[in-house]
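A lone chain, given as structure tokens: the form predicted alone.
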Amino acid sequence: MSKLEITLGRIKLSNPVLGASGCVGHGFELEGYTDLSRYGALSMKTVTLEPRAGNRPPRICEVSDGMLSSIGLQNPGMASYIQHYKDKIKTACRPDQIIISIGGNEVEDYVKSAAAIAENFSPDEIAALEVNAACPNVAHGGGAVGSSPGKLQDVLSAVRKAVDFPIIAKINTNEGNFCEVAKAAQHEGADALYIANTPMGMAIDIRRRKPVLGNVKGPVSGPAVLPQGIAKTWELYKAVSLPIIGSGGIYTWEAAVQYMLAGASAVGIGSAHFVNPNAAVEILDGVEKYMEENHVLDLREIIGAAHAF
């Protein structure tokens, strides 16, 4: 067993560095810019049962030490997703790297989407199904599900009954009850948690005297949110026994190691890809070098290690 291998419930990954949903497309778009084989896994862009146009543009803008985004889960819908992306995803990524992310408004939406994935991917063709209950910038569904323990339990229970994939619960950590939401995910048998939501923010164009984003507000991504993500990982590690995939502000290997020491078993690299498409590979190299220099023989040695201070 490689010292970088990690197990998240029923999910076995070659290493702990993942590409975050929404920032790595469907994997194959990055092929010309980085070595996809080095990723532990990639969470594909969230797909919903019906097509979504997303939020009103402009939807991305640069801010100090990060960016604002307000995409609104734009996607072509499940039928088009299967037709146009399925084969490309399978060609670009190994089965153990593929995490399919699904979103929805109601329990039935998630169940139908999960069933559609099961019809087109066998259990040995993907690593896991990510139930996205976290998106904070859609009018309904998403964040509303991930901020309610009861609603999340309903969704996870129904999806688990419908399909046999390992399940990652992507939860909303912007609410004060995020630890209770995590406990609900654990109760319903999720294999892992994916956190953390980036905080909401906005920017104003002082010349046009109006908000920069068409949706006015949007999540803040980038190094500035790193301390918040680490703090939420720290709290969740104490609250639940589920493996945690931590994300938010990870642009360097040092940031990734901080997340692991706080309790994350794996890390999701998101907006760093927009600055450096090879960021995830460089972060993986840095984590591996850190382990060698500190005589860490197994990744599990550093997961949550800072709690022993």
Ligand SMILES: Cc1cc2nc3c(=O)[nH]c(=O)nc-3n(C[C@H](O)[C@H](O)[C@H](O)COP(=O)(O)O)c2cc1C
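Predicted, not measured: the structure shown is a model, and the values here were computed from it. The numbering used is simple: start at 1 and walk along the sequence shown.
The discussion below concerns the form predicted in complex with the named molecule, not included here.
Undergrad: Specify the contacting stretch among 30-38, 48-56, 242-250, 280-288, defined as having any heavy atom within 4.5 Å of the named molecule in the predicted complex.
TA: Single hit among the candidates: 242-250.
Undergrad: Between the options Ala116, Leu73, Leu156, Ile126, which residue brings a heavy atom to within 4.5 Å of the named molecule in the predicted complex?
TA: Looking at the other structure, the residue within range turns out to be Leu73.
Undergrad: Would you check whether the named molecule, in the predicted complex, lies within 4.5 angstroms of a non-hydrogen atom from each of Cys23, Ala196 and Ser271?
TA: All of them do, each having a heavy atom within 4.5 Å of the partner.
Undergrad: Contact with the named molecule in the predicted complex for Ser69, defined as at least one heavy atom pair within 4.5 Å: yes or no?
TA: Yes, contact at 4.5 Å.
Undergrad: Residue-level contact is defined here as any heavy atom of the residue lying within 4.5 Å of the named molecule in the predicted complex; does Ser221 satisfy this criterion?
TA: Yes, Ser221 sits close enough to the named molecule in the predicted complex that at least one of its heavy atoms falls within 4.5 Å.
Undergrad: Is Thr233 part of the interface with the named molecule in the predicted complex - any heavy atom within 4.5 Å?
TA: No, Thr233 is distant from the partner.
Undergrad: State yes or no: in the predicted complex, is some non-hydrogen atom of Asn132 no more than 4.5 angstroms from a non-hydrogen atom of the named molecule?
TA: Answer yes; at least one heavy atom of Asn132 falls within 4.5 Å of the named molecule in the predicted complex.
Undergrad: Could you pull out the residues of 151-189 that have any heavy atom within 4.5 Å of the named molecule in the predicted complex?
TA: Only Lys170 sits within 4.5 Å of the partner.
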